[in-house]
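Okay, so here's just one chain, in structure tokens, the form predicted on its own.
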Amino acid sequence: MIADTGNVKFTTRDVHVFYGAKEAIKGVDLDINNNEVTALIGPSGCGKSTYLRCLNRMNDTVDSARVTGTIELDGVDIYDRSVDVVQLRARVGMVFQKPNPFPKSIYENVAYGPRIHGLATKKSELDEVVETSLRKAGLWNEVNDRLDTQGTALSGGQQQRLCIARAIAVSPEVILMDEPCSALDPIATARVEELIDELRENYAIVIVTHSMQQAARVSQKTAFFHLGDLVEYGDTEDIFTNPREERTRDYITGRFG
């Protein structure tokens, strides 16, 4: 289940994740490519979010979690003791299911990361990062005259784009998205999907989604998980029109899920 290009950003081999005695991920081999959106699909509890959380070591925050196998970012094992987790999470940004802006102004939501990581210190540098990030997130024109407004005062769709701006403000290389549209209405969802398509020019993007229609619209590669197994991985068009595995076909045609 390995990528077929030399454009690999993440290499994951024989990845198992345990929560206590329960095995949530079972020996996953999967590559994530630069400048592509990789969609992780499958029924609830199949392991797709658990796999996503391996890529920036979010599972470290769960006491009972244990990860084995190899996960390399640009050839470096991210679970090696020498790896700084804070720096890793700057390189591998994350956007969560529910928009979670900080209880700060729109400006401070975006400026916070670059400031604490030392990427920008002068006001003029921060101003530039804030504007650039909000433009990339397709939000600048909607908020540029009220940057001192609380981020939590924005609509749900705007809050999620603010969270995307916050993630890209620290110049990540990878963006992880865990069902980023599940709390949004169809119009806001369409805007975020357009944004994902624009962002992939500069990032590797991994998106967990319950919506097969969304996976088909936004991704170039799709990985189908079921009961902790990676059942099938390939070009999105092939997965949806000509799946090789019976379980994939059954899921896509709605026989289970």
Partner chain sequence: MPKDHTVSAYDKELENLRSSIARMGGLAEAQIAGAVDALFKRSSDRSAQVVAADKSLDSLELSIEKDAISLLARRQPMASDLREIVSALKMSSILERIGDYSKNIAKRVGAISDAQNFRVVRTVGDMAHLVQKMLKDVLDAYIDQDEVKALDVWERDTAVDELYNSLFRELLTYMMEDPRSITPCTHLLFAAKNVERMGDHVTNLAEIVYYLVKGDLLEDTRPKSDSTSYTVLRPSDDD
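None of the values given here were measured: they were computed from a predicted structure. Residue numbers count along the first chain shown, from 1.
Another form exists, predicted in complex with the partner chain; not displayed. Remarks below refer to it.
Hey, in the predicted complex, is Phe10 touching the partner chain, heavy atoms inside 4.5 Å? No.
Does the 4.5 Å heavy atom contact test between Glu246 and the partner chain in the predicted complex come out positive? Glu246 belongs to the contact set for the partner chain.
Residue-level question: is Phe240 within 4.5 Å of the partner chain in the predicted complex, judged on heavy atoms? Although the partner chain is absent here, Phe240 would touch it in the predicted complex, with heavy atoms inside 4.5 Å.
With the cut-off set at 4.5 Å between non-hydrogen atoms, does Ala65 touch the partner chain in the predicted complex? Ala65 lies outside the contact set for the partner chain.
Just one of Ile196, Ala216, Leu30, Leu55 has a heavy atom within 4.5 angstroms of the partner chain in the predicted complex, so which one? The option sitting close enough to the partner is Ala216.
Could you tell me which of 43-51, 57-65, 184-192, 208-216 sits within 4.5 Å of the partner chain in the predicted complex, going by non-hydrogen atoms? Looking at the other structure, the answer is 208-216.
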